[in-house]
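Shown here is one chain on its own, the form predicted alone, set out as structure tokens.
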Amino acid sequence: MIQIPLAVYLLFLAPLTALAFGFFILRPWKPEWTHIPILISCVVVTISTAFLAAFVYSGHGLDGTLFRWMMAGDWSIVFGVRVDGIGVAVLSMVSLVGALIHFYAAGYMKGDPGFSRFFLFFHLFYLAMIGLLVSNNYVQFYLFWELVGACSYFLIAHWLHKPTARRAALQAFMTNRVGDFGLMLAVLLILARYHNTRFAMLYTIAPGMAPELLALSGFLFFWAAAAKSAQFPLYFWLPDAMEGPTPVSALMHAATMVTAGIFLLVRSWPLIGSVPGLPNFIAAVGAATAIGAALLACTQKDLKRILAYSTVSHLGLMAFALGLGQVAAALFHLVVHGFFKAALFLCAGNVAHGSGKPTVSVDEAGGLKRSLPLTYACFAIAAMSLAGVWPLAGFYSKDAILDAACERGPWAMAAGLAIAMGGALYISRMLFLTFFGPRAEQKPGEHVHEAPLIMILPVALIVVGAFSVGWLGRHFTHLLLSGWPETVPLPVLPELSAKVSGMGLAAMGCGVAISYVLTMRLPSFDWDWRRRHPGLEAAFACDLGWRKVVAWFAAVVVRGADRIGRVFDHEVLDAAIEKSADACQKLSQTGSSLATGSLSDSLWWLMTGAAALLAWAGLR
């Protein structure tokens, strides 16, 4: 019997208790206090995670069953936990960053009519991600995966009075259903073949699995991850999800939903990595996603949409690293990205909060470093971490991926450098346009003010992570090795290379230099090119035509569904039912004509039937 530490139980009991207390007691009695037990729960979860991280770092781990949900014949659904290096590494970031975003949300959402409802769904979102990270089998993983998607729908659509929010929530939900169907099929295939989906068992038998099953399952896992973690062609829902409140955007982009897809790939890598050609395909899709999203981020005006496309780009970078075989580098960047992206989103929230708006574009910003000095300082540090400035955290994680790209060959190296330059370009553009100036085209508010302490302090603490977590690379590698399958190459971060670091810094410097010229030396450039080339602006607004393709495809599906539901149902199903009634009537009339009531006729039919039965018995 495996001894389960109390910290594991607290990961679930603390959020469930807070949700129950908040829903049944505080919501009807004192809704403005709903967040209090939820914030306490966040603290308990973070402390419990710290204990588990130390537990795993010291060389321990566990993979056990807490209880059985149900049984069907010789198969049962269990609720289990797997505490290993992979799960704890991501869980540490999710619990800490998620907790700080909760505290930020307490200030940001104060006075909102749906405050109580928001915090209940927000914390359920947090709990769903925790459950996903510590699951020890694919069935349980899939259930939490679906709960993450359902919570995201309710949170994106939090402001129900906005049609754009309702539309964005539905788009995100339906797009993720496409990927979720792939994950469900993969789980069902594994269940049908092995009657077990426990990770430990699958890791052991992966080398001997049927190649066809392995290839199909691996592709379906990637398809599911492509939807949840916004890879091309299923990325388009993520920028539109900015219709939700800023804390939702921060939690979704940094610590929960979009990281779930990358985590699925990492957790399934012993299977995916064994499929010939699939890692190269993932690398190609990731590189295309990262470069394309970086280009689109350079053309956006809304601050949150710039960061949304940035998230798509970085998720592509993580997939690129995985495809190159650098599991440790991809996971390290996922953790680092969680810190600097959360800080950037929360700083964008401070700008919007100080301006009295739900979101702000570059037209409504400019020169804000004077009125928002603390937000400016936090944003600048997080932006430099994203760009890969030494010695901030982003430098170390990007350098590890770039090292793997250089090892692979010229095409991978060129893609890695293009991604590095693009990231530095769009984030420095956002920094210059928002906090420097203002330019003639910009109209910042007259009374923009700094956010209160409850919103500034969480951002500052997250920025500390964005600055320093990259220094933990060696300890991060040591943590990952705990519980890693012996049949798979160990996930080890590469040693820093002066040559690779120099190339990465040069690419970053080029991006910043281009941005500086286009925003500071040519202050009207961002507006001039839109006025001179409206067609080009329209092309970027529809993602170089891809959104039109998606809209066309959606329209075709809707028309097809309408035809099936209206035409096919009316002309085929209804007609078949009506004709079956006529056929039954004619059959009954024919049968009644045979029933003459004559004794001789009955005897003839009786003799014929008896002869037929005797003949059939003789043939047998």
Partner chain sequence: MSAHWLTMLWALPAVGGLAALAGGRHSRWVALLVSAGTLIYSFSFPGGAVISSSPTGPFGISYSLACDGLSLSLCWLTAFLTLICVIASWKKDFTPGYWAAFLFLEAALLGVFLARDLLLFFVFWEAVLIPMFFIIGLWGMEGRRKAAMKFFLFTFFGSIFLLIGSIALVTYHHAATGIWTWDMAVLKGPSGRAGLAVFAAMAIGFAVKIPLVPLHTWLPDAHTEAPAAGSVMLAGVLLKMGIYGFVRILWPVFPQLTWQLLPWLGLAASINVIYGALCAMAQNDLKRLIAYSSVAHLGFCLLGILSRTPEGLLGGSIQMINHGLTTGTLFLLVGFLYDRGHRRGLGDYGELFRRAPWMTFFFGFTMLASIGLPGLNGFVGEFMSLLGMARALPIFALLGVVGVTLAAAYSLPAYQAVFWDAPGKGSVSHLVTDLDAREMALLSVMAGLMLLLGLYPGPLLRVMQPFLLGLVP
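Numbering follows the first chain given and starts at 1. Values in this document were obtained by computation on a predicted structure and should not be read as measured data. Each form is matched to the other, and the largest set of C-alpha atoms that superpose within 1.5 Å is called the rigid core.
The same protein has a further form, the form predicted together with its partner chain, not shown here; the description that follows concerns it.
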Does E32 reach its partner chain in the predicted complex, with heavy atoms at most 4.5 Å apart?
no
Non-hydrogen atom contact A551 with its partner chain in the predicted complex at 4.5 angstroms:
no
Could you tell me if K357 has a non-hydrogen atom within 4.5 Å of its partner chain in the predicted complex?
no
Within a 4.5 Å heavy atom cut-off, is G59 in contact with its partner chain in the predicted complex?
no
Tell me which stretch of 230-238, 325-333, 186-194, 90-98 has a heavy atom within 4.5 angstroms of its partner chain in the predicted complex.
186-194
Does each of W69, A561 and I564 have at least one heavy atom within 4.5 Å of its partner chain in the predicted complex?
yes
Ok, L481, A288, A150, A539: which has a heavy atom sitting within 4.5 Å of its partner chain in the predicted complex?
A150
Answer with one of I205, V517, A506, L160: the residue that has a non-hydrogen atom within 4.5 Å of its partner chain in the predicted complex.
L160
Quick one: which residues from 130-153 get a non-hydrogen atom within 4.5 Å of its partner chain in the predicted complex?
V139, Y142, L143, E146, L147, A150, Y153
Indicate whether K30 shows a C-alpha shift of 2 Å or more between this form and the one not shown, with the rigid core used for the fit.
no
With both forms fitted on the core, check whether the Cα of A54 differs by 2 Å or more between this form and the one not shown.
no
